[in-house]
Structure formats: structure tokens, C-alpha cells
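The chain below stands alone, shown as C-alpha cells; this is the form predicted alone.
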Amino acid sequence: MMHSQQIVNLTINAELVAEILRRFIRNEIRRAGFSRAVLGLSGGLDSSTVALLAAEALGPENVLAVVMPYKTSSPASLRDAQLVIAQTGVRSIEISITEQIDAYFARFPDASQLRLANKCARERMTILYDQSAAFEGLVLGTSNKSELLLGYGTQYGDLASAINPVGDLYKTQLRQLAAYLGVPEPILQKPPSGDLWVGQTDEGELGFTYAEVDRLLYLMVDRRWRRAELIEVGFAAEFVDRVATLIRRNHYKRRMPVIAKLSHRTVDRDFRYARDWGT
């Protein structure tokens, strides 16, 4: 019996992928009538990779990186964000979200960490869209394929964007691209984290590593393997079932709001055109 590690090869041609994504950023932004881009820069792997791609695609003067710390944000994350800003030469602004977040939760002192994390994510996105209006640029998404499939993100928070250049790369593939682009070594080496609270890591919260779940996701989603086939190559049944449930349960995050159908041509049901229709 072959093991999943022998079957799945997630190695990418990083040079080719980088060129495709640079062209994607340029073409999609220009097609919408813009020449600039805005992104939230956390100092993590995903946003750092997108920052490098955008700087190369549009020129650093046409990219605005917005750093939005909360009072519990790691100082290391801020230092890493500054490393990327210095390396790329992109424009930047730092806007703390502590004051408005704390003012809101003063009314709800018993709020959970999840509510706080989601509120922070949505607050950051409202700032990004305001800055996009001021800078006259489109908001770039930074969520990878692993996060999108697992629902590991906040609807209308970090999952929101105008275009997402890295949404079809699994986390392990994005790491390869980041290394090729020259993302600073401290960012490449640190554990993936949304910096949602002190000590938080993605893999600790999910309960599995990206390396193992990416192999499963590739076979389950890209190859459309069935449950029995996945178990046969070594995945635990409980792991397969949990990931399948996460994909199904979080599908609503990957779709626009469902509209109740009353007419012959309902938006996003019958009235559906490509994103660049009319341009």
C-alpha cells in the first residue's frame, strides 16, 4: 500500500507561479480601471508574499501596506512587517485598532476570544477599504487555499478583498513561493499565526499541521478522491471526516450571500456574468 506522502507532490515551479501572479495582479487591477493596490501587512508569511508580488507587479510606489496592530499583537510581527516594508520599498501606514476595539468591548466584557478575533479582523478590513479609497487602489487578499477550504478566516474580515493572488496555493506551496521571492528569513521560519491572541498559532488552533492537511486537501479536492481511498493511503478516518466537515460547513464563507429567488433573472443565479463583463 502506498502512503499519501508517496502519492502527493505539492512542489511548484516557483518562478513560473510568481510570473503568473504578477501578471494576474497587473491585469486585474488595470482591468478594473486602477493602477494601485492596498493590503494589510501582518508580518506573516501570506501577506508578506503578497506584498512582494504586488511591489514587483505594480512598482513599490503603487502599493500601500497597512499595518494594524492590536494591543496584544506580537512585537515580533510588527518588526517582521517593517522588514518587508524596508525590503520592498512599498508605501506604508500604521493604524492601531486598540482604541476602537476596546471601546466596543467595554460594553461586552464577557466576550469570547473568538468574538474579539473576528471583530479585529473586520475592523482591519474596514480600514483597508477606507485606505483603498484614499489611495485609489484595490484591496489585495492574502488568504491561501488551505485557509479558504477549511474556513480558517473571518467572513468580511481577512477573507474579503477585491482580488486574491494566492488563493489557489496551498500553504505548503505558498511557503515555496515565499522562499523564491526572498521573504525575510524570520518570517519563513516562524510558526504560522494569525496573531489573534498571545501565543496563538494556526496549527495549534486547528489541531493538525498544514503539511498533513494539504496532502489530504489535494487528494480530496483537486483529485476528488473518496473517503475509502483516502483512508486506504493512510489518513485516519477521524481526520478525513473532520476536514470534510470543515470544508462543507464553511462553504458559505466562499460564496456571495444567497438571494431568495423571486424573478426570472436573479443576481448570481441567472444574471451571472464574468467579473470583467463590460470592461
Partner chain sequence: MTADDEQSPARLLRIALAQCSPALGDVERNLALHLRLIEQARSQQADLVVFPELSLTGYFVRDMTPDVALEAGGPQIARLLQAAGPTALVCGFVEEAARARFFNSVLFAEGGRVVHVHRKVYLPTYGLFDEQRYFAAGDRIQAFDSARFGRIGMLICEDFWHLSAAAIMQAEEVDILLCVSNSPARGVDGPKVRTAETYENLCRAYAQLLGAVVILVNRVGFEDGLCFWGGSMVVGPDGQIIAQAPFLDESLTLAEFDPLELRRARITTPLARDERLLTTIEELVRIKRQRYS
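For clarity, every value in this text was computed on a predicted model and none was experimentally measured. Residue numbers count along the first chain shown, from 1.
The same protein has a further form, the form predicted together with the partner chain, not shown here; the description that follows concerns it.
Enquirer: Does the partner chain get within 4.5 angstroms of any non-hydrogen atom of N27 in the model of the complex?
Expert: Contact with the partner chain, yes.
Enquirer: Quick one: is S263 in contact with the partner chain in the model of the complex, heavy atoms, 4.5 Å cut-off?
Expert: Because no heavy atom of S263 falls inside 4.5 Å of the partner chain in the model of the complex, the answer is no.
Enquirer: Would you please decide whether R255 lies within 4.5 angstroms of the partner chain in the model of the complex, comparing each non-hydrogen atom pair?
Expert: Close contact is absent here: in the model of the complex, R255 is far from the partner chain, nothing within 4.5 Å, heavy atoms only.
Enquirer: Can you tell me if R248 lies within 4.5 angstroms of the partner chain in the model of the complex, counting non-hydrogen atoms only?
Expert: Result no; R248 lies far from the partner chain in the model of the complex.
Enquirer: If contact means a heavy atom within 4.5 Å, which one of 232-240, 52-60, 27-35, 66-74 is the stretch that engages the partner chain in the model of the complex?
Expert: Selected range: 27-35.
Enquirer: Can you name the residues of 16-37 that have a non-hydrogen atom within 4.5 angstroms of the partner chain in the model of the complex?
Expert: Residues within 4.5 Å: L16, V17, E19, I20, R23, F24, N27, E28, R31.
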